[in-house]
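Just one chain follows, in the form predicted on its own, and it is written as structure tokens.
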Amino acid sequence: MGVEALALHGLSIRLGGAQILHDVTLNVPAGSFTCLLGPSGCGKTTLLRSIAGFAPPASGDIRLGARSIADLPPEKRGTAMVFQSYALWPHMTVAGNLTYPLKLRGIVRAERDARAEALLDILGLSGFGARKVGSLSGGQRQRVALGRALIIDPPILLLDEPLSNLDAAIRRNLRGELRRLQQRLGITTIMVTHDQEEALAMADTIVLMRAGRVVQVAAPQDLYARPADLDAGRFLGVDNMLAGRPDDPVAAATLGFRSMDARIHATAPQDALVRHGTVLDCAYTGGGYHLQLQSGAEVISAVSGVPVTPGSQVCVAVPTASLMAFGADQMLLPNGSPPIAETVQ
């Protein structure tokens, strides 16, 4: 497989008179797996389509390796894209779908068939070449769509939410398969997803987007532990945002933490954020209980290993190491946690 780095420089996109992407600059190392993550409408799919050549830039540049591809049509860029719908031809066999891009390129049949057979083996679909795609499961069709993209030996693979049409259990299995295949082939890959768990499990680097801009570029562990601002934290599952107090262990305008890190204690522990409150609700979630507490004007989500009766007065504590400190400008503050990853504003 070809392997090339991708670089975006000041990329802006306008569609129908609206500004969709704003001055996006990004470097994607050769051979890496990068996820574009963000809520619906943030511009991640438009960015992927722009790389593929389906959304021309209003300004900026797209470079694949040493060459600019910003002004090239899709078929001249050398990129390969797997769409959310797979876009397979139901009247063709599996082998016919795989080899069609090679047929368009004038590759002789013997070579087409040989490439398809080798790729089917890599995809775990040996012996499936003569089958019609309509007879395949969702996971198998996803593999065929991926194979059709890979068979042209592209320097970069673009994936537009390729697992979103699959059941949850199949998605979890295919995440690992897709990641292992990418690592085996060493192909530069960019995937769009709105599923943070999917991005955290698969990516070398996550590009968090909001309103057409890149908010943060980080390794999965850094992004999860050190979101750039309050909105990024909320998107990444920081479900508690409390106003800071003078006696808190970390000085901040707002302290964020996830409910899994907030536990009920009989007495207030040391080196922790402590709040007292009244239990509003207690729900069993499998393996434990999720609580909601009223603490002054704030509602806190926490967990407990045992049920707690609503109306009970309790002490909830969060270890200092689990706290995220945000300033008055809503940006993350350095507070002794691991260094914040690169942030693009």
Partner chain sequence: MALATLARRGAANLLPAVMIGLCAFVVFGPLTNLFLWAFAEKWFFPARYPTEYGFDFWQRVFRPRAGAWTSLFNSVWIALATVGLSMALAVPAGYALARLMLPARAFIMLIFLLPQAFPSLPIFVNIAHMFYGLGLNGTYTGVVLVHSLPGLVYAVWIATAAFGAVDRTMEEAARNLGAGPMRTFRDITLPQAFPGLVAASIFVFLDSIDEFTGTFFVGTPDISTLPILMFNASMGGNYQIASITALILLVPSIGFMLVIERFLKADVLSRIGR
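If you're wondering where the values come from, they're calculated on a predicted model, not measured in any experiment. Positions refer to the first chain, counted from 1. Think of the rigid core as the biggest set of C-alphas that the two forms share within 1.5 Å after superposition.
Only in words, not in the display: the form predicted in complex with the partner chain, which the text now covers.
- Screening 261-269, 91-99, 188-196, 209-217 for residues having heavy atoms within 4.5 Å of the partner chain in the predicted complex returns a single hit, 91-99.
- When the partner chain is considered in the predicted complex, residue 79 lines it closely, a heavy atom lying within 4.5 Å.
- With a 4.5 Å cutoff on heavy atoms, residue 52 counts as touching the partner chain in the predicted complex.
- Contact annotation for residue 124: none of its heavy atoms lies within 4.5 Å of the partner chain in the predicted complex.
- Using a 4.5 angstroms threshold between heavy atoms, residue 148 counts as touching the partner chain in the predicted complex.
- Among 253, 250, 114, 87, the residue placing a heavy atom within 4.5 Å of the partner chain in the predicted complex is 87.
- The partner is absent here; in the predicted complex, the one residue of 104, 108, 168, 130 having a heavy atom within 4.5 Å of the partner chain is 104.
- Residues from 62-76 that approach the partner chain in the predicted complex with a non-hydrogen atom closer than or equal to 4.5 Å are 73, 74, 75, in the order they occur in the chain.
- Once both forms are fitted on their rigid core, the CA atom of residue 132 lies 2 Å or more apart between the shown form and the other one.
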